[in-house]
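In structure tokens, the next block holds one chain alone, the form predicted alone.
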Amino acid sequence: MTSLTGIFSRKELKNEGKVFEPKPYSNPYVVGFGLGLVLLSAFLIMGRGLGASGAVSTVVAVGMEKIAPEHAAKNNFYKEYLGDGTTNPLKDWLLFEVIGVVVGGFISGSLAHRIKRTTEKGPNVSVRTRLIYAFVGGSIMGFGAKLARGCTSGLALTGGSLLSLGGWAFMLSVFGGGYAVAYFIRRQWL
């Protein structure tokens, strides 16, 4: 039997004749505390906090420089991510952080026996509609991250830990917006 979100999934996974049951998710309070330690370590070791949207912007800027170097050289947005030309912009801390998040997530999912191809959705929505909503929501979040000059991890976690008014306002807006929209889309998940 599989629940709506897969959180309480008891579906057995088979691998080489062995039957594996997914391990339960970690306690969110313990994971939150661990994330705080990771953020503190990032400040102590790297001298800066966490973030992800800067890595995407760096990859886009490098791609634009390869495709249209004159345009990239004249554009202030791209110049910010390309640097002064003395170092490779792909050697940025945030890029390695995002790669580590992807690799770490895969390892964690493998150890918990949760790697499977599926689309999490409610019973009242099709896979196609779910993917469209995910794409639209992700696009809005990406656009908002560029407007706010930081993503959820950069603006909320790093900014909030530095007691930035913008970081706290962002997090209150994210939670408030989530609760406001949840009423209108709840039927798709119930």
Partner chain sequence: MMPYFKFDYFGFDFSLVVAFIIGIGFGFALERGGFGNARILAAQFYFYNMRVLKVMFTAIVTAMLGLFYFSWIGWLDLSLVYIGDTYILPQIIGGLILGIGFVIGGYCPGTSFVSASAGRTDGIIFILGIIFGVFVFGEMFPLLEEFYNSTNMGRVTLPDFLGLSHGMVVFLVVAMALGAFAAAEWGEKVLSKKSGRGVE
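Quantities reported herein were computed from a predicted structural model and do not represent experimental measurements. We call the rigid core the largest set of C-alpha positions that still match within 1.5 Å between the two forms. Residue numbers count along the first chain shown, from 1.
The form predicted together with its partner chain is left out here; the points below concern that form.
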Practice task
Indicate whether its partner chain has at least one heavy atom within 4.5 Å of a heavy atom of Gly83 in the model of the complex.
Solution key: no
Would Phe175 count as a contact of its partner chain in the model of the complex, using a 4.5 angstroms cut-off between non-hydrogen atoms? yes
Would Tyr25 sit within 4.5 Å of its partner chain in the model of the complex, counting heavy atoms only?
yes
Taking any heavy atom pair closer than or equal to 4.5 Å as contact, tell me whether Gly137 reaches its partner chain in the model of the complex.
yes
Checked 65 to 99 against its partner chain in the model of the complex; residues with a heavy atom within 4.5 Å, sequence order, are His71, Asn75, Asn76, Phe77, Tyr78, Glu80, Lys91, Asp92, Trp93, Phe96, Glu97, Val98, Ile99
Margin query: Core superposed first: is there a CA shift of 2 Å or greater at Ser110 between this form and the one not shown?
Written below: no
